[in-house]
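Below: one protein chain in two forms, given as structure tokens, structure 1 then structure 2.
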Structure 1
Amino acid sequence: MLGVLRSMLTTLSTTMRRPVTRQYPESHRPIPERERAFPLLLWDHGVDEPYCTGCQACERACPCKCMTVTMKDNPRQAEGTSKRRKIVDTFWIDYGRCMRCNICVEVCNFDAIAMNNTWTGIELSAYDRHDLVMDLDELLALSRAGGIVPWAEYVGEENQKLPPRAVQAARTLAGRGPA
């Protein structure tokens, strides 16, 4: 008899608590601070061109060889509107092969690559593996729209007055982890 009462009490307590189900497409769980999604390229809004110069350091360091990078001479440097002599010509990342190791972000000398720590960077699925190969325009789209803040914007003297939590958030967005 005591066992029946305990099981009824357990059933009653379960029916009284709030549901734990989330309405997934509308509501997301918070992304962990150290979560790594897929790499993307950053856009320099001051010069209106990508930070990437196509030096291929990320391609050489990638352990799974999922990147292809080529560079070209910067036509804007000849005009005098840009200081960069070289600029990226083509850039492909095969997200189907990428293991999200963050090595490409660490070896980039120009802070041109960041990890996309947003839900759009995590919820990436496709029926065909060829749809997971991202080209230069697709890799720059989120940064060009202002969705990812480049780390270089937080290095200048005028930004030294930022609160430590803002700097930590910028480091996390840039794929650098907490300070």
Structure 2
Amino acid sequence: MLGVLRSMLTTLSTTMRRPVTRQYPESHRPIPERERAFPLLLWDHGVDEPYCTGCQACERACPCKCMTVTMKDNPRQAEGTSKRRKIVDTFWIDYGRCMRCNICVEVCNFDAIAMNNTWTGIELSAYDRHDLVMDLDELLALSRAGGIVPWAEYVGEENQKLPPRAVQAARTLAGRGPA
């Protein structure tokens, strides 16, 4: 029964090792910088409005059709405080359907959408799956508060066809959530 003894020695040896458990709510695993948790919208702190113009490029590109976007005329363009002629009106993302493929980020022409890579953000446990449908305010909240480093920053140079201004804006937002 040497094999049986060998099994018991194996279990004994792992008993001696340190547990690998992480006590989740108290201690968070460090999140890699590239982490793409769920898409969020970015807030243009320069003019105090979303980058998103509601062009629906992401909506069309989404493989699982989890987004709904509408656009409207930007009232602030008339006032002259913003250069955006159109601005997002409503933006819905169903986090229950999103498969976090990053395609929406890649297709966005305005660098308006980014993947969350912090622990903070939108609470993703819900009693009702309808609670996982996020509206514009919820999607913008984290960026508005200055708590996100957008994924786009780390995309290889070849792949990112982003306006330099947008990259710059994303960098200025670099405040990390609790790691």
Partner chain sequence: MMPVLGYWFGIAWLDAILRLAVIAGVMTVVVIFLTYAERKVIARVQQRLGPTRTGPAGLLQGVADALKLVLKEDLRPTTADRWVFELAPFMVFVPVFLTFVAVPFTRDLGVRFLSLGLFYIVAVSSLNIVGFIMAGWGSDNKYALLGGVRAAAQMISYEVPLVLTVLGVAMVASSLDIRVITERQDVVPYIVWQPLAFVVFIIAGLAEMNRTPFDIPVAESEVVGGPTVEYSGIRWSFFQLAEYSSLFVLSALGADLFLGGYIWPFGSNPPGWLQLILILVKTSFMILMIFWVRATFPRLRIDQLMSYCWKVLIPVTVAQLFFNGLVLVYRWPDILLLVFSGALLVGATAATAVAVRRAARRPRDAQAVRDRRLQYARGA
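None of the values given here were measured: they were computed from a predicted structure. By convention here, residues take numbers in order along the sequence of structure 1, the first being 1. Definition used throughout: the rigid core is the maximal C-alpha set that superposes within 1.5 Å between two forms.
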Next item on the list: Mark the structure, either 1 or 2, that is the form predicted together with the partner chain.
Entry: 2
Next item on the list: Would you mind checking which of 35, 64, 68, 101 is at the hinge, with one rigid block turning on the other between structures 1 and 2?
Entry: 35
Check: Hey, what angle in ° does the smaller rigid piece rotate by between structures 1 and 2, against the larger one?
Finding: 16
Note to self: Once both forms are fitted on the core, what is the Cα shift for residue 15 between structures 1 and 2 in Å?
What the structure shows: 7.1
